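A lone chain, given as structure tokens: the form predicted on its own.
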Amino acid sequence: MLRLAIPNKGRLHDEARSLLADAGLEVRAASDRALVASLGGEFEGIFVRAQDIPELVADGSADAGITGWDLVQEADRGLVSQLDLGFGRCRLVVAAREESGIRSLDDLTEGTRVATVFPHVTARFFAAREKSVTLVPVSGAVEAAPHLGIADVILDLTSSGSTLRVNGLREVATVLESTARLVVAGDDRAPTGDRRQALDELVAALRSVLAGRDQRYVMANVPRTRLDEVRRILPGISGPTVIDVLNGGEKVAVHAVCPAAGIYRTLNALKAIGAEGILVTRIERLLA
């Protein structure tokens, strides 16, 4: 049975469980505090800290794991991303105090002190740019470091940048962009045989759910004489499906998959050409 490491709390935990459930792999545990659970009866889930997942996967204690790409990069254990899950989006950035005068990496002087909870990523980032800095490892409250005088700049996670601004900091450079990923070991500890097949099936199931989330299925009765316009409005995956309506007269039914973004524009365009009985539904899975 394929063993999947899952974050045990926080946003990554909630999003991962929701995605797995939508893929038919609902968590079945003895209690909310259980560390091990069945996933749809086909996989086994183990709940651990998100920052521990890269090590567990690299060591072979788990066949695959769901965690943030920032944590994977910090662990530096040669893990391979099988699928970008799209949630948990954030950026790892270099930031300095507004009044510091630091506006770019070129403004950093020899020995600049950098406070961070990502020492390995930080060291690699500045080494690649031939910048000699002094690392100041901290365990939390990174934004306070420049104000306390223990660092000149910080390297930390941000989503919108609002926390940095509230604390009088400005972004200087983006180090990496991170999302939750499904990862496996990149060496001989990677799943093989039946477990590799199970992993491929898991990836396919999750990908189909992710693909469906951004799409909608649209059905409408439209005038037969306006089909050329329908094709423009509803391009679909390979064009809209057109079906004769029993006793429909001059109307035909068209079905198509459309992007969820801007769906209201699609509906307005259909109404403008005389469409009736318009129906929009969510898509549970989409296999291209």
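Everything numeric here is computed off the predicted structure, so don't read it as measured data. In this text, residue numbers run from 1 along the sequence as written.
The same protein also exists as the form predicted in complex with adenosine monophosphate (AMP); that form is not shown, yet it is the one meant from here on.
Novice: Does adenosine monophosphate (AMP) come within 4.5 Å of any heavy atom of residue 222 in the predicted complex?
Specialist: Contact check for residue 222: no, nothing within 4.5 Å of adenosine monophosphate (AMP) in the predicted complex.
Novice: Is residue 89 a contact residue for adenosine monophosphate (AMP) in the predicted complex, using a 4.5 Å heavy atom cut-off?
Specialist: Output for residue 89 is yes: heavy atoms within 4.5 Å of adenosine monophosphate (AMP).
Novice: Can residue 178 be called a contact residue for adenosine monophosphate (AMP) in the predicted complex at 4.5 Å between heavy atoms?
Specialist: Residue 178: yes, in contact with adenosine monophosphate (AMP) in the predicted complex.
Novice: So, in the predicted complex, is residue 11 in contact with adenosine monophosphate (AMP) at a 4.5 angstroms heavy atom limit?
Specialist: It does: once adenosine monophosphate (AMP) is placed as it appears in the predicted complex, residue 11 has a heavy atom within 4.5 Å of it.
Novice: Just one of 223-231, 64-72, 239-247, 34-42 has heavy atoms within 4.5 Å of adenosine monophosphate (AMP) in the predicted complex; which?
Specialist: Heavy-atom contact with the partner occurs in 64-72.
Novice: Using heavy atoms only and a 4.5 Å cut-off, determine which of 112, 208, 167, 158 is in contact with adenosine monophosphate (AMP) in the predicted complex.
Specialist: When adenosine monophosphate (AMP) is considered in the predicted complex, the option within 4.5 Å is 158.
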